[in-house]
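In the block that follows, a single chain appears as structure tokens, in the form predicted on its own.
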Amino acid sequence: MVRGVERPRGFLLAMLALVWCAIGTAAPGGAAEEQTIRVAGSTTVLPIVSKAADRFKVSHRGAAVSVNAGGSGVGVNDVGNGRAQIGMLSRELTREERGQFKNAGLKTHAVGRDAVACVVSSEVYSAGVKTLTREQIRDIYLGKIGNWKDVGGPDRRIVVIDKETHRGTRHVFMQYVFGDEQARAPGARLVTGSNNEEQTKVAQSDAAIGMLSVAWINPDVVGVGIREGGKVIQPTLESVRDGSFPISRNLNLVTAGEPRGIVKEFIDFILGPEGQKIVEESGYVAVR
């Protein structure tokens, strides 16, 4: 390049126009932004969506999937208020939510099946509490039963762990136990948020009871069988598949109206063969 040679002003203006056109062509009306899928909600559904997002981006270059937790209630609110395109729910939409976001036309898409287990610390299970009735669980959460010896366990005060009220796992559990998804639990000593948090609290105790997805059961956090009508139903994937476990649920994605574009492609991916394999890899039951 020869120093001291100035480009004509017309040339510079022409170059600026070309750059402007290029930007407009690459991202008309914010098209680049439209390739980002914002997802929020349930920590139960989170493992499915996070794994699916990683694999989806391999075959959809230019697509970005931002995934945040917070609970099912957060997922619904974020979609209803336009802060996210997909909400993750470990329950169904409530009548109140449908009414609150009537204009959004919320639609659910079941991507998996799961069960909510009543879990106890491994020490409690080993000491003899391997099954509980719905009535016993209710009385524990009401504070009417406060010692494990009253249900065949060790002489130890029960550490009752509840969840935040907007959590989908709590909704499903309380609906079964009390017939009211918003039921209070005056016997609770701790209130947790995510599945990780509740799992940790139960494992750290030697006298705890809580509620968790079957995918979060481990040797330190054991799911008890539910005693109903003379038989015991175990919290297993098999009892979820055959519909016998009484605290089962759909794992849902929610959108504002019918999904379109890259959002539809992502949901279709999760409902396709590779996505449904991810559902099973995450410890849940596929729906297809």
Partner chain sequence: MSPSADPQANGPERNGRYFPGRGPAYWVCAGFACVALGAAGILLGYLVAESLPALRSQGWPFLLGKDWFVGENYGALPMIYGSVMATALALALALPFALGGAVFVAEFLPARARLIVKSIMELLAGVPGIVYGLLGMSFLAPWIKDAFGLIDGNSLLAAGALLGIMVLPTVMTLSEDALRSVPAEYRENALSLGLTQTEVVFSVAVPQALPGIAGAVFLGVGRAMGETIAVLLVIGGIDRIPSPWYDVFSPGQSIPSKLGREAAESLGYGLHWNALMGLGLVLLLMTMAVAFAGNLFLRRARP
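Small disclaimer: the values here were computed from a predicted structure and weren't measured. Residue numbers count along the first chain shown, from 1.
Same protein, other form: the form predicted in complex with the partner chain, not shown, and the subject of what follows.
With the partner chain left out of view, which of K201, R113, K130, H109 would have a heavy atom within 4.5 Å of it in the predicted bound form? The option sitting close enough to the partner is K201.
Just one of K144, K149, R83, R98 has a heavy atom within 4.5 angstroms of the partner chain in the predicted bound form, so which one? Flagged contact: R83.
Considering non-hydrogen atoms and a 4.5 Å limit, does the partner chain approach D206 in the predicted bound form? Taking the distances in the predicted bound form, the answer for D206 is yes, it comes within 4.5 Å of the partner chain.
Test of understanding: in the predicted bound form, would I158 fall inside 4.5 Å of the partner chain by heavy atoms? Heavy-atom contact with the partner chain at 4.5 Å: present for I158.
Would T192 show up as a contact with the partner chain in the predicted bound form if we use heavy atoms at 4.5 Å? Heavy-atom contact with the partner chain at 4.5 Å: present for T192.
Heavy atoms within 4.5 Å of the partner chain in the predicted bound form: does G73 have any? Contact check for G73: yes, within 4.5 Å of the partner chain in the predicted bound form.
Using a 4.5 Å heavy atom cut-off, are N77, H166 and R184 all in contact with the partner chain in the predicted bound form? Yes, each of N77, H166 and R184 comes within 4.5 Å of the partner chain in the predicted bound form.
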